[in-house]
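In the block that follows, a single chain appears as structure tokens, in the form predicted on its own.
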Amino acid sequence: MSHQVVSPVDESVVATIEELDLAAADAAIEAAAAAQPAWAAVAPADRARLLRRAAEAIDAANEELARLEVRNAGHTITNARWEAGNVRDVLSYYAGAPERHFGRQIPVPGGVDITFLEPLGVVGIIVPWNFPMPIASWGFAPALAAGNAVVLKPAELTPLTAMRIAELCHEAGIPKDVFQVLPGKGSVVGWRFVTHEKVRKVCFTGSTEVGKKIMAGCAEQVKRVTLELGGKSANVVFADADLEEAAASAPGSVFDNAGQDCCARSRLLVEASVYERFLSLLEPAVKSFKVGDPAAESSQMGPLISDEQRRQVASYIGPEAPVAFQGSAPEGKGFWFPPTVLAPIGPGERACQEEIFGPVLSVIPFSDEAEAIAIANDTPYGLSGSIWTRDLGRAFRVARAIETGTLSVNSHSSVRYWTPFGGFKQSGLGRELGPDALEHFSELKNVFIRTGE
């Protein structure tokens, strides 16, 4: 069956992709399982060398990949270049892993006890449409480094860069059956990762609703899962913060990638004593946020991914919505939506509780530190967030009290490839990136050798 890939920028057909059926998915998984032992047996230095070559190939194709993502996903060209660069960096980082993937020697009586980190086998990775390149690499790079084979299903809306990345990796020397990209429907290819007994782990990034189904399905085989799910992250601004900097940076923290980001700081909590002043600083920052042709170097935000997504976002901006101000967006072809600020709004409102996944920011006043923490924690999610204050003690107190996996103080950074990333509560399970990710792609084996009578 074929599937047309449509550009969200102008609704034109970018490519026609042949989707795999169940039999083809099974054949790919079987091929991966057959190829994995030889890949695991490759000398660590040689496996590392192949991963470095793949990183170099990605780097050389940065502009090609970026332009492809602009057309396929509507990402701004500056973002897309960073995303391709992130794939390079993640591969480079995990290229150092095969030679450093250590076990331990544990002192015990009567012999020697040692541990080994063994590959799982075949890892299935299901990638969302919002960040097709980086999120793919967060799974396949450490999985390959640990000696696993990978089958990767890209999102139906955005398969093109993953397919090209696989070609580049194959050209660099990574065997084709060891790293396969399988375009197809989630209900067919993705779900087969869950049910096929030779897929030993599933990595899924997407909605909490689907993540729960995948987790339940994997439980049938006690199959390992890493889940990176929804978010409703808080950006907490205290009265003693640098208000100008916090206001200037706030639009990028939620409107980047048109708000289609699990880490988007879509709830802005502002201390009541500076609330009005902060809004006066925020309004010009929002209205000057440049929404337009993502191929233009000056654009800061492109379109939403689809008309369905646009309708979903628009459902939060009805006649009763407390719209304080909006930015602008192009009209005509494409799935455009203007940056929108809702204020003031109560923390229990739908727009403050549900993941909108679009360029909508809810601004909530709070009275003191305790209330800020209570509001920040008052969602089922806990993925990311920011704290703005000049008080170091407060920064530590609030950071420890907020139930979320990744926090930034006086900044909005969420993801660095050399540090762990993942969520609390219903935002996910397990950790990606950094040194911890390798543990999620390995089995710990313990061996005792008796040395005495």
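Note that this is a predicted model, so its numbers are computed, not measured. Just count from 1 along the sequence shown to find any residue number.
There is also a form predicted in complex with a small molecule; it is not shown, and the following applies to it.
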property: Contact test, all of G190, V210 and C262, partner the small molecule in the predicted complex, heavy atom 4.5 Å; result: yes
property: The small molecule: the contacting residue among L229, V150, V286, V360 in the predicted complex [heavy atom, 4.5 Å]; result: L229
property: Position in contact with the small molecule when the complex is considered in the predicted complex, options G186, G110, G252, G217, heavy atoms within 4.5 Å; result: G186
property: Among 170 to 178, 151 to 159, 317 to 325, 111 to 119, the region lying within 4.5 Å of the small molecule in the predicted complex by heavy atom distance; result: 151 to 159
property: In the predicted complex, F140 touching the small molecule (heavy atom, 4.5 Å); result: no
property: In the predicted complex, I126 touching the small molecule (heavy atom, 4.5 Å); result: yes
property: 4.5 Å heavy atom contact, E369 to the small molecule in the predicted complex; result: no
property: G206, heavy atom within 4.5 angstroms of the small molecule in the predicted complex; result: yes
